[in-house]
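The chain below stands alone and is given in structure tokens; this is the form predicted alone.
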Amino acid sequence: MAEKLDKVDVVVVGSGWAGGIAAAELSKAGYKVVCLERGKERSTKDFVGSKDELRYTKRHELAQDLTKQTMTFRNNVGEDAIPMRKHNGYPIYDEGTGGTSVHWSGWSYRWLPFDFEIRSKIIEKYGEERIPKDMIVQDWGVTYDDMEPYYDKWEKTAGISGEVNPLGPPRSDEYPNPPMKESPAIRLFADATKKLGYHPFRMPAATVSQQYVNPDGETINACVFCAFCSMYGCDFAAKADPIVTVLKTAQKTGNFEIRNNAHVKRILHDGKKATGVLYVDPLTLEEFEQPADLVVSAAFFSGNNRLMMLSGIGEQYNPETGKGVIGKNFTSHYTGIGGNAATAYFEDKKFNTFAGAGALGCVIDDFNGDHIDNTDTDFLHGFNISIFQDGAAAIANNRVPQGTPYWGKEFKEKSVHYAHRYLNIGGMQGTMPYTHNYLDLDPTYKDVYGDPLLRITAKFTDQERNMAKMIAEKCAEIAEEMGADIIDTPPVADDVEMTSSSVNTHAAGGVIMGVDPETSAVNTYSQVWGMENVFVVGGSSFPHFGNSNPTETIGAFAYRAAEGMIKYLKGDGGLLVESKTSKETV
């Protein structure tokens, strides 16, 4: 029987950016907050001397042990799903203090006004008939103007170093820090894209360009370009993450406690309101009940979905009837489709790509959803294109032109010749939701505690394949303008299909946001429609995926959610937003 603990004001599940921001804002407001983190305790000291590519990039030291907790995957209803037992290039999820946010690269973008009103904007510009019947795209219930103050707050907390996107939406302030240094590769990309008539700007970076003290008084040090950011924790405290910012802020208040090795199994409730959570210590298998007035689920997209399903909160989405909301609109920045990139080889230019930083780069936004004309494209939404120099680690980087043998004398000669003579140009595409891409509980496979695993059912459509082809075409065009002698683009087969390796850290949906309880699980403050004292925060609330990295938008919505939580606790309860029907908004 679970041991019942003393009640607190708020219990937060997960200590990444979403949970950390909620914890900081609530504890600053005077509320007693307990954060339950299923992974072990860690600090920046744990990352001293950890510049080990084999240990972190290849063997995923910071990622979750998939033999104990994972998801299953299949393409279609009727197929048996298979457990995902191997991390691909980017781990599915992390665990430990700071969560997945610790090993991020630091790319920090605002999404465009188009994203938040996507269904209305598509209908306004192209007509409702342009939306395929099985594409369940919907407005989010907020506008960019609603979100701008929260974006600004996030950027100042994380000390983002950047240059304003010349095609971007209005801003109330500049970035708090100037862009990172410009390398020859970035300069070459910027010059070429300008000549082509595009609008390059420096990648907004949470790898900070100069020492910075954020509004909460936390210091983020200047990046030293060691090139160990993606998949690594930063021992220099030069990459903004929850450990060096929001969790530290929460701890200073005296109102915050983080409990590591605490795996939350259920949100406890009486059918109308939550009463707390049930968690287990994975080391001792002891169970505890933590009562609270307010429950915040910030356990990554997968953890949030699974917790809602296991706890029986909300109606499970049914792809055959279209009814239910929990689990619908699964999306990801899918990999493994081909295209999306070009590798440019140069005979007369050399680049020191072994130095770098996670978010050292340059990007163009000319093909984003607001900026590309979809009248004649065979897809909706759009993509960005960037070059980044995050450190060409020795094991993973040994590029040779297509057609080169993978062994022998020629391979060795070209490996040496092109070691410093190639650059990668890549794109990231907006991902649309479909009726057939969804999440539910697997009926066969269970975790180490006997609970069903989360099951992904998803497949590619021509939307993703066609966009990948155009991205490759544009990347090649830029590579040619840069003066590349050889340009390789991975082909996109007409029948290429999604696999479990296509799902990565950039995954979202399942507990989506909106104004109508019939089509959304949470309102625009991330408050659950049917259980007012539960807030579900993170990428799980995204109805679709924009074409750039999600962390800044997750952070912005976490600040909005925290504002709503404080308003809820100070008030008389109830929903913070009056619901509407979808027909009232489109």
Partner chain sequence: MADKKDMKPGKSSAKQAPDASRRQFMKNSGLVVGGVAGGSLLGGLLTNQFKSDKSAPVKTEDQKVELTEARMFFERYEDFVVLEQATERILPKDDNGPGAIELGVPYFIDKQMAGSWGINGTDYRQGPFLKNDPPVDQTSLNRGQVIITGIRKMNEESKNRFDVTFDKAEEEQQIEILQDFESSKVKLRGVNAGSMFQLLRELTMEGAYSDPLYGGNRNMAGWKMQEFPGAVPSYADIIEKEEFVKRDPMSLTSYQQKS
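Residue numbers count along the first chain shown, from 1. On a predicted model such as this, the values are computed, not experimentally measured, just so you know.
Not pictured, yet referred to below: the form predicted together with the partner chain.
Taking the partner from elsewhere, G30 is found to have every heavy atom lying beyond 4.5 Å of the partner chain in the model of the complex. Residue contact with the partner chain in the model of the complex: H199 places no heavy atom within 4.5 Å of it. With a 4.5 Å cutoff on heavy atoms, T444 counts as touching the partner chain in the model of the complex. L283 falls outside the set of residues with a heavy atom inside 4.5 Å of the partner chain in the model of the complex. For the three marked residues, M135, D370 and R560, no heavy atom of any sits within 4.5 Å of the partner chain in the model of the complex. Between the options P149, P83, P401, P169, the residue in contact with the partner chain in the model of the complex by a heavy atom within 4.5 angstroms is P83. Contact annotation: of the candidates K323, K272, K412, K195, the single residue with a non-hydrogen atom within 4.5 angstroms of the partner chain in the model of the complex is K412. Residues within 4.5 angstroms of the partner chain in the model of the complex, judged by any non-hydrogen atom, belong to 52-60 and to none of the other stretches in 52-60, 22-30, 519-527, 544-552.
Residues of 258-288 that come within 4.5 Å of the partner chain in the model of the complex, judged by any heavy atom, do not exist; none qualify.
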